[in-house]
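Only one chain is included here, represented as structure tokens and corresponding to the form predicted on its own.
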């Protein structure tokens, strides 16, 4: 059947088309069936949505990137034939039933995800099956290798290549901005790729974007790494393990992060940049992804075993994540906090000590001794700041950047303590919701700065934290959220009063 192409500027996340009910009946198609769309020798498989009002008989609506994929012009005729479901749908059902997938089945599944051959519903089913049924080590290794094979793989003239990664869950974890220049200043190559925020207040790439270009090409990443030693790039622009980005989009609305998929997601991107030495940061504590030491040790063991199978030496740091790292949450605010440390600030101590510990582990994995002291000397000597400025310049930013160059939201409000006492608890997830309501990470100047942290004494009327926003209406909404959620809990030394039982005469 030949139908007239009509571009519709809607992206459903699938490779999809819109067809009239009449034409669907002619081909025996129903909603969510698939068709092959062909034009001048180029063919793609698309998922069908039906309509009898938006599209006319004899037309086919090509949604999002579908029209560009087949290279047709609006109004040109394209060939349409019915297509069967991808074989990988059966593999998802197999995993739902708790069965082990073969290497070939996993390769096919990831190839179908990368090519967007699966619908959003099918992709959600895949994520859910992994969340419930899991994967063994062999499956996870195959999953990781399949994800690597589906994208770019970086090679460098010489090594070794150093890398680190946090599995997330701890707000304010900005240490990448410090780790990369410290390692690069020591002559180590560190082509660090990071993600944007999904549910957090700021991903590392959101932070770096406040002062440099993060959307690098593979050639640019390689060139800068070879020349400067370190890179702070967004992984999404590099086509590294492209299936991962699509899987993450399916995970987000479900609010789940399957163990095997998390392992494969991290390790695939590290393998793709040629990492030899890798430190995994596992934040642990209430409000993070990992609540207990036993769970953290399980993650660590699995990362190390997976690394052995991929020829990557992995060590893990189980870190405290029960409250934000440092005091700043939000892209610009976190940039300022990190740059000030490179400029000589001695606080926040939590950021400095965690940075030095991670760098120390990397140095020692590479054969150095007293790694923490080496990292401290590089930071305190100003070499890290100089290297950071070189990296920023190489990525199109201001060559002599300072913390004063970073602009925060012009609207702000202090959240005040309504009683005296001590900070007994900080709710990570609630703080993230406040920061996101203020506009972070889309609005780079939005976020918050904590004045008080767990254990600090608080007097009535003191500022607990300050919210920043680029728009006043977002600031007001964030303030309402802060009042409602009360993310910083203040309590007195007496937690509860239990009165004596009254004596009753009988």
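Residue numbers count along the first chain shown, from 1. Every value quoted in this text rests on a predicted model; they were computed, and no experiment measured them. Take the two forms, find the largest set of C-alpha atoms that superpose within 1.5 Å, and that set is the rigid core.
Below, we turn to the form predicted in complex with a further copy of the same chain, even though it does not appear here.
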Quiz prompt | Answer range among 135-143, 333-341, 109-117, 94-102 for contact with a further copy of the same chain, defined in the predicted bound form as heavy atoms within 4.5 Å | solution = 94-102
Practice problem: Work out which of 149, 427, 317, 248 lies within 4.5 Å of a further copy of the same chain in the predicted bound form, going by heavy atoms. | Solution: 248
Quiz prompt | Listed residue that, although a further copy of the same chain is not shown, lies within 4.5 Å of it in the predicted bound form (heavy atoms), from 39, 471, 453, 36 | solution = 471
Quiz prompt | 4.5 Å heavy atom contact, residue 480 to a further copy of the same chain in the predicted bound form | solution = no
Quiz item: Would residue 253 sit within 4.5 Å of a further copy of the same chain in the predicted bound form, counting heavy atoms only?
Solution: yes
Quiz item: Does a further copy of the same chain get within 4.5 angstroms of any non-hydrogen atom of residue 459 in the predicted bound form?
Solution: no
Quiz item: Can residue 270 be called a contact residue for a further copy of the same chain in the predicted bound form at 4.5 Å between heavy atoms?
Solution: no
Quiz item: Every residue in 167, 278 and 398 with a non-hydrogen atom within 4.5 Å of a further copy of the same chain in the predicted bound form?
Solution: no
Quiz prompt | Heavy atom within 4.5 Å of a further copy of the same chain in the predicted bound form - qualifying residues of 188-203 | solution = 197, 198
Quiz prompt | Cα displacement of residue 481 between the shown form and the other one reaching 2 Å, rigid core superposed | solution = no
Practice problem: Please say whether, between the shown form and the other one, the C-alpha of residue 28 moves by 2 Å or more once the core is aligned. | Solution: yes
Exercise. Using a rigid core alignment, state whether the CA of residue 458 is displaced by 2 Å or more between the shown form and the other one.
Key: no
